[in-house]
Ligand code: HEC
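Below you'll find only one chain, the form predicted alone, shown as structure tokens.
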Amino acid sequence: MKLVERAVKAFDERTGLITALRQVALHPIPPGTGWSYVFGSAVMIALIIQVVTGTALAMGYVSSAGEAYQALQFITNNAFMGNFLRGMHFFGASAMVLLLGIHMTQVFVMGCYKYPRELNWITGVALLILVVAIGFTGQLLRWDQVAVWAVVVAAEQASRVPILGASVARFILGGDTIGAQTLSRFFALHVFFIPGLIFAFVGIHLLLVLHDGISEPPVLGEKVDPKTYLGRYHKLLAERGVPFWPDAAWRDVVFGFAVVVAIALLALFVGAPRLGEPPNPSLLAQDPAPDWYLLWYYAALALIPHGLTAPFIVLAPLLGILIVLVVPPLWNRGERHPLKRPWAVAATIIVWLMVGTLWLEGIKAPWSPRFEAKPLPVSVVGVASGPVYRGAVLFHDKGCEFCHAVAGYGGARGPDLSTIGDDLTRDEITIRILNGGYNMPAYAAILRPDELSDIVAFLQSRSIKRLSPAQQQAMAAH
């Protein structure tokens, strides 16, 4: 034991690391810091999980367009604990995004960003952006059909940015089209560049936390005044401060352990995201959507009016980042208690409701073609032969049903055509089919005259006046 003590003492004399760690562990924090303060440490634990599992996965991954998919299949199905590691990595990323969002919400609502902790908030915002970016780049590394097309959609949206759009899209894809260079670029960003930035900002953030101290719980009626705050804060620590370890750290340990267990259980029983078909850029994926934490923004882009897409893509992210970066430091004094800051609480609730609503809409994805739509049953068509029946078959085979619903069958991207015969004449239906429209291709060069006649006959039959009682009952049932 004496030999170990001498070795530890000698190591500390030469490095000072043990003394520094002891000072960090025992640094005083304000009294009353409860469970609402555990989320920052939980983000760190989720980050550690990402580093460990990511390193393990990288040892078996091949960042080659011809081998990445097979390598990931081997990791998932054949490597020891491969599927579990993929699940840990996926749910660890999800936990990091969610916990960071909760942590920033808590900091904002409790006014912890106010003087002298403005830079803490700014580095936290930078970390949120980097965490989302590393999640987005990680999705492509699955190199399946959905991942490839999600990046294609992102590049297509970026290309609409005025002036710089083409350059941004080329930067995302690493060229004019998606390919091996895209995978190499995303692998480098995901494994080297973005993690390096995250580690740098985490280090700066922790140094700021140690330098400025942990914000004390807000007190009703107690305002932040930069002229007097530091003196009052240091007096509070001197008179009533408690050491971080063990008085407060035990909650971080308990909650962090719960986070690890939750991620492990999800990885064990839910597993890693299922790999889709191998990538084929010539075939559109059925659901080219990003992972859940970006799904709300994907929904926002899909739901805004067509003419506003380009300005929204540019202005919405810039305005959002500007608000979260600038607004809190500008209001860095005054009340901190949520009861005295109703606008801050209301803004937080509105943001979470907006993100949640868009996220639910993104799950349904009504703007995406429903490629799995089945042909219309005879009970809906009304007949089993003749032009109307042939038109119903063509309605499915030509892809119309993927975007248009009839009696509850089909997609929701285009208008519901259940009673289109009551709204448009034969000539109007014909013109619409031949010329197409917004998001609808023109079928003039695709349909033969007899096929066009049959589809028009089917659509004309979709009229309340012409539907049989059995068809009306089928519509009501579905």
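All of these numbers come straight from a predicted model, not from anything done at the bench. Each residue number is its position in the shown sequence, starting from 1. C-alpha atoms forming the largest set that superposes within 1.5 Å between two forms make up the rigid core.
Keep in mind the form predicted together with the named molecule is missing from the figure; the text below concerns it.
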Margin query: Using a 4.5 angstroms cut-off on non-hydrogen atoms, would Gly414 count as touching the named molecule in the predicted complex?
Written below: yes
Check: How about Tyr443: is it within 4.5 Å of the named molecule in the predicted complex, going by heavy atoms?
Finding: yes
Next item on the list: Answer with yes or no whether His404 is in contact with the named molecule in the predicted complex, where contact means some heavy atom within 4.5 Å.
Entry: yes
Next item on the list: Give a yes/no on whether Gly399 approaches the named molecule to within 4.5 Å in the predicted complex, heavy atoms considered.
Entry: yes
Check: Leu140, Val148 and Val152: each with a heavy atom within 4.5 Å of the named molecule in the predicted complex?
Finding: no
Check: Tell me, which of Ile420, Leu57, Ile49, Val38 has a heavy atom within 4.5 angstroms of the named molecule in the predicted complex?
Finding: Ile420
Check: Just one of Ile433, Ile29, Ile45, Ala68 has a heavy atom within 4.5 Å of the named molecule in the predicted complex. Which one?
Finding: Ile433
Item checked: Those residues of 441-461 which, in the predicted complex, come within 4.5 Å of the named molecule by heavy atom -> Pro441, Tyr443, Leu447, Ile455, Leu459
Margin query: Using a rigid core superposition, assess whether Leu424 undergoes a CA shift of 2 Å or more between the shown form and the other one.
Written below: yes
Check: After superposition on the rigid core, does the Cα atom of Val51 shift by at least 2 Å between the shown form and the other one?
Finding: no
Check: Does Thr33 count as moved between the shown form and the other one, where moved means a C-alpha shift of 2 angstroms or more after fitting the rigid core?
Finding: no
